[in-house]
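In structure tokens, one chain follows: the form predicted alone.
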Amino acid sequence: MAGKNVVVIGGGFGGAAVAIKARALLAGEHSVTLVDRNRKTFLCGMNPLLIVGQREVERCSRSLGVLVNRGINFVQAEVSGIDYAGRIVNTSGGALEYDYLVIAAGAEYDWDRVPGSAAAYSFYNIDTARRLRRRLSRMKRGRIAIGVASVPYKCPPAPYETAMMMDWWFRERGIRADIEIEVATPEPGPMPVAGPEAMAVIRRALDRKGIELKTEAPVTEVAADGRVVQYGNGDSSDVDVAVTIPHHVVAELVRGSSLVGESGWVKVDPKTLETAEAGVYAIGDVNAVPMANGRGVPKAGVFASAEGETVGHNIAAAINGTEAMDFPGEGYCFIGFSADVSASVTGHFTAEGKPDVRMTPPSARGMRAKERFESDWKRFRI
């Protein structure tokens, strides 16, 4: 049998997972190629700890170049387009032919949809997180507002975890009494995907810590000087530091293509993760996998990794003539309540009827589990 070419676009959680799984299951005559514009990727889930000095940049990154040691071809290049009819991926480094294609290009940020947010603060990539860290290190008093622009967004716990990390850090510095913190969401409560009990736990934690929660209040504008935040419910806040979680949009590579459904994300078969194009799959933040409650599976790294495992297995099964598998829809994510304790939200998110999800109590053991997760990610075990 002639060797098959598997090409993966994007080296995040999902892209790395599919490449590793497919390579492990395929014989040497078949090639697996991973393309990404960057050699180094960062774990955004560490950013709430990074901005309060509990993580360093080098710990938050991993190099895609080391995947060559696993027999994966790594190409550092910009993908300019996909020729589905000709089965070619066009890149700044040349054309790549494929038999199977996996699009793991992720979500991108549209800062301009919230006027002023581009000049405000954020922590949704390494550069914005480092800038916010510098600002917080100089802060001695004032008001901080963390505002979510729209849903879905990556890592649903992040706004609440970040607010609680700030609370912890300012208490450690002995200045918490002089700093106000608020967090605002377009949703009716914090992390509704986790269910009413988890929402209540997070609400109580925020209240105990003196963090104001604004619900059904998407951030809609930040003043040019960064000192006033406007919300979609008509409220506004005078602030010293405005932090926004920007509008998330599907990767430009597929934006406007026939692969994108009504949700604004790539439409896939929820079991196989295959798109309308035969042999082309979309995994991770670029896609929309529906849950029974009408929402999409959370945009979180663990789900992208599980989707990658599924697709990697199924591409190898198609080539090897073995049995395929369905995406299990199970996963988890962490939410730190301080630098010392963490909870996790875990369960079967694509269960029939409604997601079967539960939240563990925050504990030191939970933080150790979060740290193991970070270590496993860095070593490409997740």
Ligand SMILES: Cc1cc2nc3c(=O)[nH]c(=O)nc-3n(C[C@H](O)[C@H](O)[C@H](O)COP(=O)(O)OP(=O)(O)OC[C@H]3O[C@@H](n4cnc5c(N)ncnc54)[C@H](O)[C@@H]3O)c2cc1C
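Start at 1 with the first residue shown and count on from there. Being a predicted model, the structure only gives us computed values, none of them experimental.
We do not show the form predicted in complex with the ligand, though everything after this point is about it.
- Of the candidates 219, 145, 105, 102, 105 is the one whose heavy atoms come within 4.5 Å of the ligand in the model of the complex; the others do not.
- Of the candidates 289, 136, 179, 158, 158 is the one whose heavy atoms come within 4.5 Å of the ligand in the model of the complex; the others do not.
- Residue contact with the ligand in the model of the complex: residue 124 places a heavy atom within 4.5 Å of it.
- None of the heavy atoms of residue 70 is located within 4.5 Å of the ligand in the model of the complex.
- Taking the partner from elsewhere, residue 223 is found to have every heavy atom lying beyond 4.5 Å of the ligand in the model of the complex.
- The ligand is not drawn, but in the model of the complex it has a heavy atom within 4.5 Å of residue 302.
- The putative spot formed by 164, 197 and 342 is not touched by the ligand in the model of the complex; no residue has a non-hydrogen atom within 4.5 angstroms of it.
- Contact with the ligand, judged by heavy atoms within 4.5 Å in the model of the complex, is confined among 353 to 361, 22 to 30, 321 to 329, 44 to 52 to 44 to 52.
- Contact residues in stretch 251 to 268 (any heavy atom within 4.5 Å of the ligand, taken in the model of the complex) are limited to 253.
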